[in-house]
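Shown below, as structure tokens, is a lone chain in the form predicted on its own; questions about how it binds or moves come after it.
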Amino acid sequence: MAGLIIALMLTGGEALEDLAARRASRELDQLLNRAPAFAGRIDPATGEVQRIPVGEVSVGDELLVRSSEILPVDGVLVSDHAMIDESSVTGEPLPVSHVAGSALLSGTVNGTASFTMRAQKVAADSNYASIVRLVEEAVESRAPMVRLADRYAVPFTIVALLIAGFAWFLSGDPVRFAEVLVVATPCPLLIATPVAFMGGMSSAAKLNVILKDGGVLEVLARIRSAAFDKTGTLTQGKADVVRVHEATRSAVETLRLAAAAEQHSVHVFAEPIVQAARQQQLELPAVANAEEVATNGVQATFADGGVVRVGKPAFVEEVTGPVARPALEAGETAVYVSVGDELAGIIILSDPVRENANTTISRLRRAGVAEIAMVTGDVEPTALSVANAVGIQTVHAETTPQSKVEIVQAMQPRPVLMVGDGINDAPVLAAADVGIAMAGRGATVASESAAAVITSNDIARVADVAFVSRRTVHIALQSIWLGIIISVGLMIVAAFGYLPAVAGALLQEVVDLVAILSALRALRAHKSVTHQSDTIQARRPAPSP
């Protein structure tokens, strides 16, 4: 009878583990299952709408998106207006209004009115596909802590054999040996940790954070240092031109020349400068050729032979000599413009600090992160103004991608967390112990190098996922030791002959069930984060009237 119960216990334990793992990964599975499968392509010749697999969509295709449909690929809006629910991708709770020319993200959901869009990426390269790939990697992964727990099963078994052998030796009854082994269950080691980690990854997904593998949870739980990029991370990454300081050229001429050169740049500040010139309806001179110098700026040669440099002060000072640097307020950045060997002027852009940046830094410090630094390629005055606004004392400004890597690798104490926007930060995100990329607006480059991706445009998720990680590891360890303590207690009872084999086999199943139920508490880790955030919000002083 005891043997039959043990056989039932083994198969039942596997079934419980599968059930718990499926429940723990439910949020991850939802992301996979809602991936768009079809698209309505508009035939350019006839205007008819053809229903095609999303994999057949090509760049440039015009697509019809009907009411409540999921956007199949990234693109731009062709229709005059669209109202889109972006909550599943960016975390924005309210529908977002878009006008013609607006960028649209795959995986978001159309409102009540149909619209036409033009595909800018194929399905495999679109924003939602990158999130799905991250989820698939997460579901298939096993954390290092799980493999470590597997190895603990061997010494646990040795201890169980010693207790059983000791009971047989004292009693002289071999049945006593079997009774001890029946209740010796290493299942809390083998089951509790993976179930807890899958639950923690599911909790992170509910907070719009995708972890590439379970091992990230364990490292995040021990983070002692953190480094942040500035533009697009601590700031919103949506700069506007606020003023132009004149030098040898007028403000209008400085802006006109800078915009002409910046048309050939992919830097985050290039578009605002070009947009400002267009709003003033300035006629941009023709550019014969242009070259972007990585991390410095862009140099353009105009059709009339003039050479313009736009970028960092050091880049401009190579041809002009030393230039005076203006005082900047928090969130402001200076872009220097030279014509030939003269400073034409300085364009000041304002990139506001993210609303939750200061709170996020404070929460990390309270969580035990001893060293927090800003590592940015921007100029020192801008970096210092933002750092002061968010409460960071250590600032590394005007860094290159290589120097960023060196700075993060040298940071102490370890492990080190790096947070960036995933565009120029790919090397340092990969070099850090844990790299988290802000990809709320589709910066999918982050997925290639970062260990985790925040799909909402909220920096507070950095502190949230750190809390979820610590809570998950705590629950996993609690579940392991709870199961081990109960098992050892039952083994001692069985060693003295007070626990028959049949009863022991039944109780062993109870131990496994207790360990699994304890581990499943990690599914609710995100709710503690939500409560914590609400408490912090409630404690903030009311704004002045």
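So that there is no doubt, residue numbering starts at 1 and follows the sequence shown. Here the structure is a predicted model, which is why all the values come from computation and not from measurement. Note that the rigid core is defined as the largest set of C-alphas that superpose within 1.5 Å between two forms.
Heads up, the form predicted together with ligand ADP isn't pictured, but that's what we're talking about next.
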{"property": "Gly237, Gly107, Pro194, Gly311 - the one with a heavy atom within 4.5 Å of ligand ADP in the model of the complex", "result": "Gly311"}
{"property": "Contact assignment for ligand ADP in the model of the complex, among Ala334, Leu77, Val369, Ala373, heavy atom within 4.5 Å", "result": "Ala334"}
{"property": "Candidate stretches 178 to 186, 319 to 327, 374 to 382, 161 to 169, one within 4.5 Å of ligand ADP in the model of the complex by heavy atom", "result": "374 to 382"}
{"property": "Glu292, heavy atom within 4.5 angstroms of ligand ADP in the model of the complex", "result": "yes"}
{"property": "Contact of Val298 with ligand ADP in the model of the complex (heavy atom, 4.5 Å)", "result": "yes"}
{"property": "Ligand ADP contact at Arg461 in the model of the complex, heavy atom, 4.5 Å", "result": "no"}
{"property": "Residue contact check: Glu218 to ligand ADP in the model of the complex, 4.5 Å heavy atom", "result": "no"}
{"property": "Neighbours of ligand ADP in the model of the complex among 217 to 231 [non-hydrogen atom within 4.5 angstroms]", "result": "Asp229, Lys230, Thr231"}
{"property": "Core superposition between the shown form and the other one, C-alpha change of Ala258 at least 2 Å", "result": "yes"}
{"property": "Rigid core superposed: Ala370 CA moves 2 Å or more between the shown form and the other one", "result": "no"}
{"property": "Change in CA distance between Gln393 and Leu328 in the model of the complex, which is 3 Å or more, as closer or farther", "result": "farther"}
